[in-house]
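In the form predicted on its own, a lone chain appears below as structure tokens.
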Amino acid sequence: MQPDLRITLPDDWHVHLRDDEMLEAVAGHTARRFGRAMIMPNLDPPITTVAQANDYRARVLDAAAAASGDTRPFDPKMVLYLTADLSIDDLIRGHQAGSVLAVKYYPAGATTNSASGGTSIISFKPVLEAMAEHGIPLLVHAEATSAELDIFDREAAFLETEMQPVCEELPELSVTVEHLSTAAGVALVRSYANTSGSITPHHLSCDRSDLLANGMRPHLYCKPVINSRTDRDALRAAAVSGDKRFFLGTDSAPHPLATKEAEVVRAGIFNAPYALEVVAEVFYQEGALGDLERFVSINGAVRYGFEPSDKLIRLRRRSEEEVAKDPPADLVTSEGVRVRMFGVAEANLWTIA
């Protein structure tokens, strides 16, 4: 008999919804599948004030309501981009008012729209100290940017030179290492009491051979990059362990097809439509479906101070005898821009309602 289970409505603790036409096209996919979503602030220009966050949240809600076709409430959680211009007073007021949940650190030049990022986390120590005092979480894109570093070593290097000093100097600061990609990241999270880690569907299901071994697959290119089989297995072990420090953050990041199939490829994987199917298949392969709910629905909510949803969803794995129609592989925006979706194979294996 194929698995058939009901779990608490999941949350996505790391998602890129973009803005304007792309926001209108993608927001409904996140709103249909998740009760809450942590919305990344790396727009151009970035979200650095509470007023900007409030305005962006309103646009997100409008786009989600127009596209989701679902009357279930959707709760986007807003994040400010850590820059030299960020006001501590504005941040604290916004957090106390419930307008802003967290602050995101990007190393300058590490990924999409990261030009406004920093060159050292600890250089923001006055902001971090205020965040620790007021219980405001720090979200970190953990990737060194030195051209001398091998691309596959950049997360581990960042953790050693940037993340460890912050965790040791500011042990009261709540830190989430976003989109973990290595065994080193898993080890760091387990080494510090106030540190957690989000893990993506693509880092759980793929390794760098999927990216490179049989022809370069640009739609698997993301930052930090998908790493070795050993790293993938460490991420899987962490996810299925039930450890409350690890939870789902899809890092769903839409890019037009033209920028993913180009001479210089943009980093990002759009997985929101089929993220849960991919993760469910990973847990099925690992014989750990009993721990799926903790990873996608419980751990992240508890980490950020929320009660898990009182809504349930049903996941059922199709039998071999069932014939499934191929789900769409591309999203098309209102202006005809195509975006490739990750997880089509897994979406053929699972139904979610």
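Please read these numbers as outputs of a predicted model, since none were measured by experiment. Just count from 1 along the sequence shown to find any residue number.
From this point on, the text means the form predicted together with a small molecule, which you will not see here.
The closest non-hydrogen atom of Asn42 lies within 4.5 Å of the small molecule in the predicted complex. By the criterion of a heavy atom within 4.5 Å, Thr111 is counted among the residues contacting the small molecule in the predicted complex.
The small molecule in the predicted complex comes within 4.5 Å of no heavy atom belonging to Ala239.
At least one heavy atom of Ala267 is located within 4.5 Å of the small molecule in the predicted complex. Picking from 253-261, 152-160, 271-279, 125-133 the stretch near the small molecule in the predicted complex, with a 4.5 Å limit on heavy atoms, gives 253-261. For the candidate set Leu101, Cys222, Ala184, Leu173, a heavy atom within 4.5 Å of the small molecule in the predicted complex is found for exactly one residue, namely Cys222. Checked against the small molecule in the predicted complex, the candidates His141, Lys77, His95, Arg245 yield a single residue with a heavy atom inside 4.5 Å, and that residue is His141.
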